[in-house]
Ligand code: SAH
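One chain follows as structure tokens, the form predicted alone.
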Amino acid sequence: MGFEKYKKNDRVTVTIEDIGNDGEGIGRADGYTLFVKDAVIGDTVEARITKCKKNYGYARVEKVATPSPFRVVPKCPFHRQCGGCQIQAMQYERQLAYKQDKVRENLLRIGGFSPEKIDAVMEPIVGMENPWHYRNKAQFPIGYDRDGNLVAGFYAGRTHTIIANTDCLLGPVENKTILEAVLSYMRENQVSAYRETEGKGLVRHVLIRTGFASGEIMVCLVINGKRLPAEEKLVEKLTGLRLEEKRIVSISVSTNREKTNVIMGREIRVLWGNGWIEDSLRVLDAADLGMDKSADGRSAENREKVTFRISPLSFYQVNPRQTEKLYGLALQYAELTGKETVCDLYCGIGTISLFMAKRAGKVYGVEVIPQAIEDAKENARRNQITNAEFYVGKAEEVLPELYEKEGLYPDVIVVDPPRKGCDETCLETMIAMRPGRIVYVSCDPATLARDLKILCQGGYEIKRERAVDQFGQTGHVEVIIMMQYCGKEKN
């Protein structure tokens, strides 16, 4: 059975019994496992097989025969074509349950932890009050449709075909006005879009970043060259926009001439305004998390704030309201009393570092991107924080140097690595430094589970775990873990 029974383009009827790692439905046809895109757990669907392997295959929904009780009507007409919102057809409460289960399964399967252990430390997932219009950053590819018309939008799933859509429901409503102004400028001034297959054409992407608290907006065009034609016309068009309570304060270009999937180039040139925007995050107390008001009755809006300068290349969490909750949890998990030394690895522009500095004795931040470290230092200055130092370099190189040459023994290490997780040398140095607590923030439960297994073999034990939904309508989830050193190293 399996490959011999089914072939590409066969149609089958499948009842969806589970959800895969990327939000796809999982069902079985005569014992043959199918991963069905756009299916919701509980659906019975007619699906077309798109790829066959020996023991499993992939399929797409052709018709929903019996809809799941968890199925909802998607708000976006492009949700099936676009690769962005994998689970938009799923009821939001069921999305949260799926993400909680996803984290748990990764910890069990990859991390090798027992169900009893994980169930004892797992706390309820932190959901969003409104899972729409939450993204403060979007990168729109610019290209042509089949008729040769300029378009902006998003890539269709697993392709580089652009779906024309300037009104993504995950980003601020102002993005639509800005994108249409850029396209208008390009048409009026005969500015070409980049053709990926040929490596020719000028405008590749438009980056838009918005400060939700400040109302400041940055627009950066990524171009296959040094200059744009009639750059003053672009500035005039963008600065003339009326954007309700928000305003554009930075217009720039980023040169990227490489044939690569990396969007931004290393060189940024400011055309108008600042080379950055500012935004702020509230320092939430434990009682604020998941609540509008704290136990003492003070509005969360009146909480202490940390202000950040954000440049085009800076890493900054894309969902500011959920980030406040995530960093509030990080402060909880760090259990700071005001005396501790903290290392913040993969610190970016110092977001977590400066939160920790409000409660710690001394904070050391490490980040590989020089511009981000310059922003981190400036952010510390703006917030009058003097107990934070920042170092440029790879965490796996700077951390051993701080340990071996400077004799640094932190009480707490915080890590917020990219999707690939921590470098093995970095993990080994963390174990050697033996901080009392490790707070691990992760955007990938699989690499998180892998790294936790290594840390636990080095004498650490998971004490608390909580998922935070930073990415509503998608299959992605953020997780935060608190580990304590228990003095029992395992070989």
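For every residue, the number given is its place in the sequence shown, counted from 1. Predicted model, so just to flag it, every value in this text is computed and none were measured.
There is also a form predicted together with S-adenosyl-L-homocysteine (SAH); it is not shown, and the following applies to it.
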field: Options 217 to 225, 416 to 424, 134 to 142, 188 to 196; stretch whose heavy atom lies within 4.5 Å of S-adenosyl-L-homocysteine (SAH) in the model of the complex
entry: 416 to 424
statement: in the model of the complex, the residue from K394, R359, K237, H79 with a non-hydrogen atom within 4.5 Å of S-adenosyl-L-homocysteine (SAH) is K394
field: Heavy atom within 4.5 Å of S-adenosyl-L-homocysteine (SAH) in the model of the complex - the one residue of Y92, Y98, Y346, Y333 that qualifies
entry: Y346
query: Would V206 show up as a contact with S-adenosyl-L-homocysteine (SAH) in the model of the complex if we use heavy atoms at 4.5 Å?
result: no
- prompt: Hey, in the model of the complex, is I369 touching S-adenosyl-L-homocysteine (SAH), heavy atoms inside 4.5 Å?
  reply: yes
query: Applying a 4.5 Å heavy atom distance criterion, does I352 contact S-adenosyl-L-homocysteine (SAH) in the model of the complex?
result: yes
message: Taking S-adenosyl-L-homocysteine (SAH) as it sits in the model of the complex, is Q317 in contact with it (heavy atom to heavy atom, 4.5 Å or less)?
response: yes
